[in-house]
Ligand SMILES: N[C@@H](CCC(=O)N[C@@H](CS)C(=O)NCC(=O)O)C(=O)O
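Given next, in structure tokens, is a single chain: the form predicted on its own.
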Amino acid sequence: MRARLAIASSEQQCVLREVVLRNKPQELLVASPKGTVPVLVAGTKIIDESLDIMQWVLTQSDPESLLRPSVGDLLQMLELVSENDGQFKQALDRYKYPQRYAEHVAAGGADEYASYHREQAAQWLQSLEQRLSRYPYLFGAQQSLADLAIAPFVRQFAHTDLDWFNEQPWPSLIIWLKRFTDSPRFLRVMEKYPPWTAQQEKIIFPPPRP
């Protein structure tokens, strides 16, 4: 989602190949042997990390100035995203998928394990709430790279238990997330596509604006 958000924001287009990871096409493995998504192929350039794709795409075209926040700078944004991708993402995965960490689940069981990691993630979200209580976006009055890089993971956290999430004392964070999920850009990038095959007609992404 992060890579697609950046491409849509850049007002550039690409040929999209939807991949189901349990059935990876050989073409994906040729482009990027580690076999993860997303992968951007731009001529001889191969980029296979979502944040790197975001930065490269926006360096080519950034009509919304997502790389130039109204408060702070690119380095500060990348530091915040790094914290999100580290401590928060680790806690999110263990909260959302405790069954994947059976060797770490103690006598309290999966529910207790998930609850513990939910609280760890909540501490991070509280720090975002404090930022968002000052400005509508993470780095000021305008949306930035940091918002598009972090919001998809906050959305995952929220939808793990939406009732619980909406009961938390995070009014600014909840408004920020709703603004993201209600945006026309989000709706464009969430369009579903069939898994790619070599016989498939080219799919141009992003789709036309409604």
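Because the structure is a prediction, the values reported are computed rather than measured. Numbers follow the displayed sequence, beginning with 1.
The same protein also exists as the form predicted together with the named molecule; that form is not shown, yet it is the one meant from here on.
Undergrad: In the predicted bound form, does residue 144 come within 4.5 Å of the named molecule, counting heavy atoms only?
TA: No.
Undergrad: Spell out, yes or no, whether the shortest heavy atom distance between residue 21 and the named molecule in the predicted bound form is within 4.5 Å.
TA: Yes, residue 21 sits close enough to the named molecule in the predicted bound form that at least one of its heavy atoms falls within 4.5 Å.
Undergrad: Is the gap between residue 38 and the named molecule in the predicted bound form 4.5 Å or less for some heavy atom pair?
TA: Yes, residue 38 is a contact residue.
Undergrad: For residue 49, is any heavy atom within 4.5 Å of the named molecule in the predicted bound form, or not?
TA: Yes, residue 49 lies within 4.5 Å of the named molecule in the predicted bound form.
Undergrad: Quick check for you: of 178-186, 55-63, 163-171, 41-49, which stretch puts a non-hydrogen atom within 4.5 Å of the named molecule in the predicted bound form?
TA: Among the candidates, contact is made by 41-49.
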